[in-house]
Structures are given as structure tokens and as C-alpha cells.
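As a starting point, one isolated chain is supplied in C-alpha cells, in the form predicted alone.
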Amino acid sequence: MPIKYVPFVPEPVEGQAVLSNFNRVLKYKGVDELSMTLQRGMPLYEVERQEIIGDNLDGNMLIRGECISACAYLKNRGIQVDLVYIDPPFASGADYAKKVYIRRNPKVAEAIKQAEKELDIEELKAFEEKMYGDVWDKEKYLNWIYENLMAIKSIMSETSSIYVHLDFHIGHYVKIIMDEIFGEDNYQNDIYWYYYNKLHGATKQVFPRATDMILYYVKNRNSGFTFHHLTEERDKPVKKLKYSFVDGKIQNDKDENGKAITYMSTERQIDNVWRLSMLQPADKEEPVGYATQKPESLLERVIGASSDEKMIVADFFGGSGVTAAVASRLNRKFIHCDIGINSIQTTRDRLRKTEAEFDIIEIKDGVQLFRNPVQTMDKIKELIPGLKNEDSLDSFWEGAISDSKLGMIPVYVPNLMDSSSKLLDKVMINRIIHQAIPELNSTIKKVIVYYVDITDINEINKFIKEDDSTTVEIELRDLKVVLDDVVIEDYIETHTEELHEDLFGGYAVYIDKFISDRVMNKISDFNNKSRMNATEKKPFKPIVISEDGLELIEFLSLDCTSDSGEWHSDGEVKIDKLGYMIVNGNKTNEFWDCRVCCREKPLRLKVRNICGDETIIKL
């Protein structure tokens, strides 16, 4: 439950577009609900600092939580950002997956090294794990993006800029919304990222698509927003006329003989068509295994054009962490936010390599209860006892439970991929009572409504009781209880040795055994599907894990500072997909040797499995 609600804007701005005006431009479902949400404000939740990296005097942050929750937290602390770049879902209808690699068993890897055999990446065993689904209808998406953009605007400084990265699926609709939120006068340009090296193949498109669009707005064009003209090298020098501005007009410069002055130009001003590499960077050093990763060169232009050193750069759909990484390298402060634990982990490890300093903060808005919303929604029928599909029900209902006395009981479950449905408030319960329930069969006597968060359970129950429009019983259930029940921590067996003469430090914690039921279940599902799809040309090759299970470990960290509270990484090892170690952010040519080392006596161990689940044990 939120601590309180933080207003999107302190007070209405004279002349600012309001939702009634927005309806004039684009009519869609849910406008009344959105209007009530905006009037209520942004939910402010409790936060917990999970980890501290370095002294972090600049206040850099990696925030796990939803965009609106993060903006409420920042606004409540009085933090304003100078530049926003966001790469939100595109409403493309696509699912995005992460390729999960089984690590080499340390003992096997050492044998390979001794035999001086070359590691072939194609031989690595891997399976795909669905990370998130970009599946929306237009009404829901436009409600969602409107609320998020309003939240972002509320923490932008008066001289700030915002870049919103989209594509053809929804970009033109969002352009209208941004005109409403930021004002048409504050629109600066459309930027088109041209994939000049994209391979189109035998496409059926009339004109193959080779661009994304980036909408560029400022908070207030009259407040002196930051902008630097950027240039790039030409392929070859060209002769150009030299000119000057006289009384606001362009005038060619001439010599004493009246002849136009020319010069050889080796660079050109960057325009709004950005000819950069394609979606996944060609540079082998950049990819971090994230489905929607953008190249650093793209963010170098955004950050270089619209910010100065020590300004705050924020990305509220941070993904692979490219915005934070580039901002840090260019000596800007950064705020990275994402709902996915994989995003936070990927960005954390990426920044650790560059010796950046930051805090990792978790907002207690319900997101932390599920590591991956897509996977949880796929498994929801297994998590709720007795829940089955029911074809006679509208899609609003997740399914139904059969009861010997009451018959069929429809069940509503909030969509964890849609933040707008997570909070059960008067708007949602009113919709259930007056829209969803009347459409049910007249024999229905009871419905069950699950929620992740609720404004006030007593207030909602009172609202239900006082509404006499239905005789159907409405039972409220907390989905967090269901999610808590299915969390099984990984099992870890260790032993610690004191080192006297060792390159890594004074203590080593060895992993003797690692068991992860969560990962093994995913591997089992993968093996079953592979067996069913096997052919003579492509025979079934199951993924087999050794008895000690060390292939399932991706990352280890030791805390020698505290045995509770926020994490201090005093010694860490990340194992890449080939089995090599990255020790305290530094790449090595050594295979992982079953241990993680530190200089002081370790108090706690954190282990991350290959799917991103982390377990902490005291030593």
C-alpha cells in the first residue's frame, strides 16, 4: 500500500492542455479512469537500498521499480533531472527473450584448458527465457504512456529535454500525446535512426523499414534549455562557401575583389537522420545479451547534444543500461530505472566494469515479488489452486474455480505486465461491479478478485458493501501471498579457506554444491519441448546438469562489511558464457575455479543463478 500520493504537478499551469482537450484529439477507452488516477497522484512506496558501489558522492542510482513509482520517489526527495531518454515498449506485439547459457562446470573447463582445446561457442548449451511481452492494445497503451509521461514531466527541471524512442507501431499516436503533455511549442524535432546496415532480405513490405523514430521535446523552450550542435567527419572533404549572418539573414563572405570565399570542409553538422549501426551493435565489446539493447553511439549523441557535465541523465525504461553507461563515461550523473531484475543486474555488472559508483534501490511497489512478469503470468494458473480456463468467460477474467456449492467462480488476476491494473482502487472495483459482473451468466454467485496493491482494503470493502447494484459476492485476495508461496531459494553448500599467499586476497569461499529448482524446472521444460520437436536431422540433445550443479552459477559476491542490510561487494566473480572469470569488474583469461575471494573475513555470500535469481546466505 502506498505511503501517500505525490501530485503529478504542483498546480495546473495556465493554458496547459487537459484530458478533455486530449479527448478531442484522440478518443479512447479508459479516459475517465486515467483522469481519476492523475487527480489522485503518483503512489509513493517505501524504498530499500540493496547495494552500495563506491562512495557515490554524485548520488547515482539504479532503481528497481515502475517508472511512476520511481518518479514519485524522486519528486518526494526534490530531485529534478536535466535530460530524459526513454526507450519504452513500442506496442509491437512481440515477446522478447534472453538466451540463457549453461556455464561450463569448473572441473570440465580446467580439463579443457589443460588440453589446450579451443572453446567453440556453438557447442555451448543454452535455452531461451522469455523476459517481457510488448503486447498491448492501443487504448491500454495510450493510457499507460500518458500516465508515465506525466510522471516523468513532474520531475524534469525547467531547462530539461526529453527524447522518446519509438517506431512505426505507436510513434505517431505518442506524438499527439506529447504535444498535449509538453505543448506543441516545446516540440523540437523528430530524429530518425537509420539502420544503414540492416539486411532486409525477401521482405513483403512495399518499402522496407529501416528507421526508428525519436521524439525530441523540451520542458520549456523559453527557459534556456541545453543544446549543443554536433558534427561528424565527412567521408571526404568538400568545397563549401563561407557565410555569415547579417541582420538575421545568411550572406556569403567575399574577398576584397568581391569573389565568394570558399574553404574545404572535413566535417558536417549532424541533422535529424542518424546513420548509426543496426539494432544490436556490431562492436563485439558492446552486446550484453539484452534483447532490445541500443548502441552506445546513439546515446552519445543524445547526451552530448542535450546535457553538460554533472547534469542528471535519467532513463526510466533502462533495459541494458546503455544510458547510464554512456552518461557515466561522459561525466554525467545518472538514474537508471527498470521493473526487470535482469535489467538491474545487467546494468550493475556493466557499470561495475567501468568503476562507476552508484546505489541500487528497490521500491516496494510489488514489482520485487516477481522477477519476471511474463513468466509469472504464464505460470499464474499453476500458482492459484484450482484455477482453470473457462471459454464462456470474457477475457477480463483469468479463468474460474469450480466449487461444489457455488458452482463456477470467475477469477480476476491483475496483469503484471500492465502497471495500470496492479492497483485495486475504487475505479477498478467500480468497473468490476458495473461492467464485468453484469456481463457474467446470471447463475454466478461469487467472484474472486486478486490484487498486488490496494489503496485501502477497508475502504474498498465498504465501497462494495454500499453498492447494491449486484448480489454477487466479491472476495478480495492478495496475490502477493500466492507469489510468496512459490519462492524457493536456491540451495548452496560452501566451505571457507584462509589464504596466505594468493593473488586474490586473504579468504576464499568455495562452492561445493548448488541446487536451483527454478532453473532446473526451466531446463526440464526446454528438454521436453526439444524432445517433441526432434527430427532425424536434428536429434534430441538434452541439457544435462552435473550433480554439483556449478554450471548454473553466473555471479558470486562476498560482503565483508556487514552481515545484514544493504550489500557491500568486497569481492566478486562473474562467470561469462565461456566459463572465464570477470574478477571485481576486470576480465581475465582464467576459468572459474569454484571460488570467490576477498581480503577480509567474509560475512555473507550472494549467488546469482544463470536466470538471474539471487540468494544470500550468511557464512
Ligand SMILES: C[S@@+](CC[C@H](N)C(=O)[O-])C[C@H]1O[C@@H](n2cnc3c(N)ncnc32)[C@H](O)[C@@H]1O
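Residue positions are given as counts along the sequence shown, with the first one as 1. Just so it is clear, the structure is predicted and the values come from calculations on it, not from any experiment.
Another form, the form predicted in complex with the named molecule, is not on view; read the next lines as being about it.
Colleague: Which of 335-343, 223-231, 542-550, 453-461 has heavy atoms within 4.5 Å of the named molecule in the predicted bound form?
Modeller: That would be stretch 335-343.
Colleague: Consider S320 of the chain shown here, and say whether it contacts the named molecule in the predicted bound form, taking contact as heavy atoms within 4.5 Å.
Modeller: S320 belongs to the contact set for the named molecule.
Colleague: How about W144 - does it come within 4.5 Å of the named molecule in the predicted bound form, if we only consider non-hydrogen atoms?
Modeller: Yes - in the predicted bound form, heavy atoms of W144 and the named molecule come within 4.5 Å of each other.
Colleague: May I ask you to check whether Q293 falls inside a 4.5 Å heavy atom distance of the named molecule in the predicted bound form?
Modeller: Residue-level check for Q293: yes, a contact with the named molecule.
Colleague: Would G571 show up as a contact with the named molecule in the predicted bound form if we use heavy atoms at 4.5 Å?
Modeller: Residue-level check for G571: no, no contact with the named molecule.
Colleague: To verify the annotation, which of these, E398, D82, D365, D87, has a non-hydrogen atom within 4.5 Å of the named molecule in the predicted bound form?
Modeller: That would be D87.
Colleague: Which residues, if any, of 45-75 lie within 4.5 Å of the named molecule in the predicted bound form when only heavy atoms count?
Modeller: If the 4.5 Å heavy-atom criterion is applied to the named molecule in the predicted bound form, 45-75 yields G65, E66, C67.
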